[in-house]
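Let's start with one chain on its own, the form predicted alone, as structure tokens.
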């Protein structure tokens, strides 16, 4: 079959790899300039900073086997264990996404605008062209996905799932600063800060780059404010940890759909015989964590590929 996938995040990449392995023709459509979604890394000066997923953990056997292979290839390593391993990608999380997507057909900088079905085919109108497939998988954040499916019947409960935003400040310091023993602090912080990560201690950056993740309520309140105001607000809170250390540069990243407030207790959703939905919000019924994460995106991609096969 000829299968289209909207969204080249982890779920889309995993599904594409599995479908290609079974002989299908697969094409991914991605509105950004890079694959990866929230597996995101930004170059700042001579360093790198992850500003999406910080790390990932492994519970299931399927991901465990793949991670062992990724370690052998030198793609990931263990950052620290508390009590189980936190894995990070060598050269940043986006580097892992790019390595996994190597060999896939990906149309970057292309945004899907409408979806229709006709004569047994699914047609995707993008801002560039019209693409046609036997089957379509959509892995973009659920609110964006549902905007494409206004003409299709979708379970009302799915439409009610909500997301929380996150603001992430990226700060380049002139001198070394230790952020906890391992490069991460996520307890005992000033109200508003979710966690602070030192990308040098994490092994991602050669320079001192600090990623500051703000919590849901703070991010919601500040999301629409000017970048400079938001960065100043984050910096004031960061200084409760870094003191008077000199900041050389700073940048802001906003994630509108960073974390789902609710989840769907199935690993994918079938709209009809031709269109499927997947992503980190789609969890297996026995998922013990009950929250979206790297592994839920990975498993969702595997399961929807099995269904599409």
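Positions refer to the first chain, counted from 1. Note that the structure is a prediction, hence the values are computed from the model and not measured.
Absent from the display: the form predicted in complex with a small molecule. The rest refers to it.
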Assert contact residue (the small molecule, in the predicted complex, non-hydrogen atom within 4.5 Å, options 88, 96, 112, 234) equals 112
Proximity to the small molecule in the predicted complex (heavy atom, within 4.5 Å), stretch among 262-270, 64-72, 277-285, 237-245: 277-285
Heavy atom of residue 10 within 4.5 Å of the small molecule in the predicted complex: yes
With the partner left out here, check for me: in the predicted complex, does some heavy atom of residue 48 sit within 4.5 Å of the small molecule? no
Given that the small molecule is not shown alongside this chain, does residue 141 nevertheless sit within 4.5 Å of it in the predicted complex, heavy atom to heavy atom? yes
With the partner left out here, check for me: in the predicted complex, does some heavy atom of residue 3 sit within 4.5 Å of the small molecule? no
